[in-house]
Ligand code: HEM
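As a starting point, one isolated chain is supplied in structure tokens, in the form predicted on its own.
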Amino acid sequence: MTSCPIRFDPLSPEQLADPYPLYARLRREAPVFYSEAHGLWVVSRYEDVLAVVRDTETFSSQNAVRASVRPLPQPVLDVLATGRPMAPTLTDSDGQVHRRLRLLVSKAFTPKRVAELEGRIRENVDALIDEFAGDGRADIIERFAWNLPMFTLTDMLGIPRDDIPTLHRWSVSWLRILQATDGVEELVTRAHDVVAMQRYFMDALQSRVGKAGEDLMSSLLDARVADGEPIGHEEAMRVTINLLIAGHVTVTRSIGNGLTTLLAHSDQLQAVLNDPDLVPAMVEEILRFESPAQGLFRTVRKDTVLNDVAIPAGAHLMVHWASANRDERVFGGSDVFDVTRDSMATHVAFGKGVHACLGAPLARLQLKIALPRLFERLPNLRMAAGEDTAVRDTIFFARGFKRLEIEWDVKDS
């Protein structure tokens, strides 16, 4: 078994602050390695990441969002047993199950539906900024970055906005359960949130049965595929939760990552301000440069060899999107943030292959609108002074901020 002499610890303060030198060293010295501390194989080079996600026969998406496959503590399992299974979803299913779910969701989550949201997203962006524009300082994560995608998604799903704070808390709990690094008491509380979220969406779906509706949940229930079964209520519940969580945390992280990256690269920010046509490329470069999902996971179905390293059947493996997106073999000047770079078809921030993110167009649309508008509406936007103004979230497989304080100039009235 190959062992890497490099300390791989995504939750350490050093790696939360700047993991990219470590990723570069991994690509050079141990592109496929086993982390004993995490019981996890890590794949860090672009070509190997693509090889894994394209070989779905060898590398199953089972447990795709679980950082660890070690059993949860029994008190946590007891609470989760009062709810519904958390899988399969679009993210962690394989084969015919995945193909059927993806086709059903694609029929409800259409490009037309996404495009029609542009006007509403612009309204939401300005309405949120209106609430704090006169303050001169705000935690942009709390006041804007998670509210915007939650507004977008709850509008699509036909869910009352009054429920957003609860849905956000439940979403965080779902991710903490998947990571499973908290203490037992904390995880039990999180498990209760997971069950409550399942019941909420089961009730919401049941209320739509037999009724004509245009929201996304109604469309899911109405979706059909040739010679296939319609989606069941439990399946629809898992799909809806999957879309809500993945769809809002990705945008939240990218807003925070985007602001800090642009502010740290004033020449690139100025280039975009001078030429708005660069906004789409800017969004793609933010996604590549600071990938919101650092990676997802695969289960190895049979003994295999990757980059001359033998990996046993049953292994848990991380495909490291963020490292692949900094691979110097693929991206020239990979550690340089360049808003003119054309990487949309190449970067893997939204995955690749059959599991490429269905919600990517919606995420891109929100980022194209939100990031420029923040700089337009908040003059001389800058990082806030003081300690603990930029606090990274502690999610093993993601990169974003839990708190991000910004300041700007406010005109005297």
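Keep in mind that what you see is a predicted model, and the values were worked out from it rather than measured. Note that residue numbering follows the sequence shown and begins at 1.
Another form exists, predicted in complex with the named molecule; not displayed. Remarks below refer to it.
- Though the named molecule is absent from this view, in the predicted bound form it lies within 4.5 Å of a heavy atom of just one residue from 293, 231, 282, 141, which is 293.
- Among 322, 339, 167, 246, the residue placing a heavy atom within 4.5 Å of the named molecule in the predicted bound form is 246.
- Residues placing heavy atoms within 4.5 Å of the named molecule in the predicted bound form fall in a single listed stretch, namely 352-360, out of 43-51, 352-360, 28-36, 378-386.
- Although the partner is absent here, residue 251 is a contact residue: one of its heavy atoms lies within 4.5 angstroms of the named molecule in the predicted bound form.
- Although the partner is absent here, residue 242 lies within 4.5 Å of the named molecule in the predicted bound form, judged by heavy atoms.
- Although the partner is absent here, residue 109 is a contact residue: one of its heavy atoms lies within 4.5 angstroms of the named molecule in the predicted bound form.
- In the predicted bound form, residue 102 approaches the named molecule with a heavy atom inside 4.5 Å.
- Contacts to the named molecule in the predicted bound form (heavy atom within 4.5 Å) from stretch 66-101: 90, 91, 98.
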